[in-house]
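There is one chain below, alone, in structure tokens, taken in the form predicted alone.
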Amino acid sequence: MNEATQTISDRIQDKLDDLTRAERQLALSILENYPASGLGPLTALAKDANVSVPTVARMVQKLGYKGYPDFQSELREELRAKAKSPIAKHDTWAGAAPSEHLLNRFTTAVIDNIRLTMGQIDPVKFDEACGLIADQSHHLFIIGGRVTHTLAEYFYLHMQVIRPNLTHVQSTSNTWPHYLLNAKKGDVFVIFDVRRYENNTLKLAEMAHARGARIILFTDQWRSPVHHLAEISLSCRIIVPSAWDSATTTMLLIETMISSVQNLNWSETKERMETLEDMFDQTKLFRKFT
């Protein structure tokens, strides 16, 4: 992404791995309530993040600003530019509900998540990930955690139709080491890990990486520790007005990836689909209306 078009959030994401522990703590605090968190006094930001004032000063310089006033000035410009876009006009998505209703606030948050996520996804890396997943010469392992296993299962269900030679693994199960017995160099592991990052998932990724596996990671804007092992990381914004994080943006990427992978091997995928439909007909799994 061109530096001139980068948001402050983009800059923070790019620098996360280069920050000290305290600076990273500050960065995550800013992202947690972005952009409002950067609009107050420097001392208030330091207090909210539980870091020192010099830590704030050092981090904004690492982001490329002369100081905190320069940082705030660009943040305000960013907010003014955002206010000009149609997406930020506070339209009422649910027409019968007031603009402050949760239906509308939640929808606005999800749309912001999608916009910010798509702004930093590298299409070349995304296509590379799809190519690795479509490559049937290597086994495909799909791994989810306590909550993300639902996303992993959805992805696996579609990949079952598109290609052979794959396994669904739940890192929360004590049987996952058994699956690693079959993992070989070049095999592809698609791993879902969002906050709160799971120790089992990290250990599984470490062991798979040690066996020469290639890792594709679906994570959040703060990035799972698996990020350091992954060949490709797809970071999704997940913040919504809820005690729970949102999976909408991650699901959007998953469904886009399913569409891409099916097209890469369409002739074989089509044949598998036709065979599966014939099986459904024979088992009378689905009701027919004609």
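The term rigid core refers to the maximal set of C-alpha atoms that superpose within 1.5 Å between the two forms. Just so we're clear, the structure is a prediction, and the values are computed from it rather than from any experiment. The first residue of the shown sequence is 1; numbering continues from there.
There is another form of this protein, the form predicted in complex with the DNA, and it is not shown here; the text below is about that form.
- The single contact residue among N263, Q61, S242, N33, judged by any heavy atom lying within 4.5 Å of the DNA in the model of the complex, is Q61.
- Taking a 4.5 Å heavy atom cutoff to the DNA in the model of the complex, the contact residue among I258, L42, L229, L252 is L42.
- In the model of the complex, the DNA sits beyond 4.5 Å of every heavy atom of T275.
- Of the heavy atoms in T108, none are within 4.5 Å of the DNA in the model of the complex.
- The closest non-hydrogen atom of L26 lies beyond 4.5 Å of the DNA in the model of the complex.
- In the model of the complex, no heavy atom of S246 sits within 4.5 Å of the DNA.
- Taken together, the three residues A22, S52 and A57 all come within 4.5 Å of the DNA in the model of the complex, as judged by their closest heavy atom.
- Comparing the forms between this form and the one not shown on their rigid core, the Cα displacement of F71 reaches 2 Å or more.
- Superposition of the core reveals a Cα shift of less than 2 Å for P225 between this form and the one not shown.
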